[in-house]
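The chain below stands alone and is given in structure tokens; this is the form predicted alone.
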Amino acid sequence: MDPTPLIDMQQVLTRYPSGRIALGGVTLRIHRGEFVFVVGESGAGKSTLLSLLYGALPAASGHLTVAGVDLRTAKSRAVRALRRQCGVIFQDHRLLFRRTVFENIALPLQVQRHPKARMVGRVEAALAFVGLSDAIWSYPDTLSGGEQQRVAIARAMARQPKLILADEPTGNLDYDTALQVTRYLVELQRKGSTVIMATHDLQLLEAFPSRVITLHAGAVVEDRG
């Protein structure tokens, strides 16, 4: 394992717009290639933690480095470059319902100005990975909730990210579908991505033994595995 952590957080504090502390004094190191569950009650700081890691929220104090980028001092260009190395998956998948599955997955690649020939290949490979090749020209509203989340995973992985941040990706799914979705994320970790998955479903922790970070009231209260 590379001794240099992919994520290095030292005494990181951040606040909600109201001024209330969202995370207080969090210290974590996460290495390349890890699969990490982040658990805790609603409001514990799970989403805030993930948002910090791709520069969507600023840290008020402390030290935060992700993939060599110091997010306390980085210019906007460096933060944008970091985001291109990240795949983010949300509970509500955030698909564009007026665009086809192909267009949804290709959009981040278009923003990054990937050549069209490479783009098509990446979209097809991502859809094959999640078992939805036949849905490439479908619209998201014709798919089930689990299939929509699999499209969101395909969208994230098409960028071939170093880091995948999954914020309650199984929160709206039944248990069997949640297992399937998590299995795809575990497979991406096996292919070389670092995966951090926030979840409230403790059954998944039993099905996929991994490192588990527990948050409570904006603080890390347990880090095991």
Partner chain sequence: MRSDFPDAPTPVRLPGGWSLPPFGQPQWLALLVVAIAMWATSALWVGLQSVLQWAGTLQPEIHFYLPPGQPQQQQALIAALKQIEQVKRVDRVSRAETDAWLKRWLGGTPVAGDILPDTIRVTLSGNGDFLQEDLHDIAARFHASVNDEEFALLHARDRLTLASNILLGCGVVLMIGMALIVTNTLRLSLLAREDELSLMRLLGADEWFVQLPFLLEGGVIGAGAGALALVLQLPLLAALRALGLTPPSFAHLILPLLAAGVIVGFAGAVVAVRVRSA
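Residue numbers count along the first chain shown, from 1. None of the values given here were measured: they were computed from a predicted structure.
Not on display, but discussed next: the form predicted together with the partner chain.
Participant: Given that the partner is absent here, does residue 83 sit within 4.5 Å of the partner chain in the predicted complex, heavy atoms only?
Facilitator: Residue-level check for residue 83: yes, a contact with the partner chain.
Participant: Residue 150 versus the partner chain, in the predicted complex: is there a non-hydrogen atom within 4.5 Å?
Facilitator: The answer is no: residue 150 has no heavy atom within 4.5 Å of the partner chain.
Participant: Is residue 71 close enough to touch the partner chain in the predicted complex, meaning at least one heavy atom pair within 4.5 Å?
Facilitator: Residue 71: no contact with the partner chain in the predicted complex.
Participant: Taking the shortest heavy atom distance, is residue 144 within 4.5 Å of the partner chain in the predicted complex?
Facilitator: Because no heavy atom of residue 144 falls inside 4.5 Å of the partner chain in the predicted complex, the answer is no.
Participant: Only one of 188-196, 50-58, 170-178, 63-71 gets a heavy atom within 4.5 Å of the partner chain in the predicted complex; which is it?
Facilitator: One stretch meets the cut-off, namely 50-58.
Participant: Looking in the predicted complex, is the partner chain within 4.5 angstroms of a heavy atom from every one of 98, 111 and 159?
Facilitator: So, yes: the whole triplet contacts the partner chain.
Participant: Does any residue in 116-140 get within 4.5 Å of the partner chain in the predicted complex, counting heavy atoms only, and if so which ones?
Facilitator: Contacting residues: 116, 119, 120, 137.
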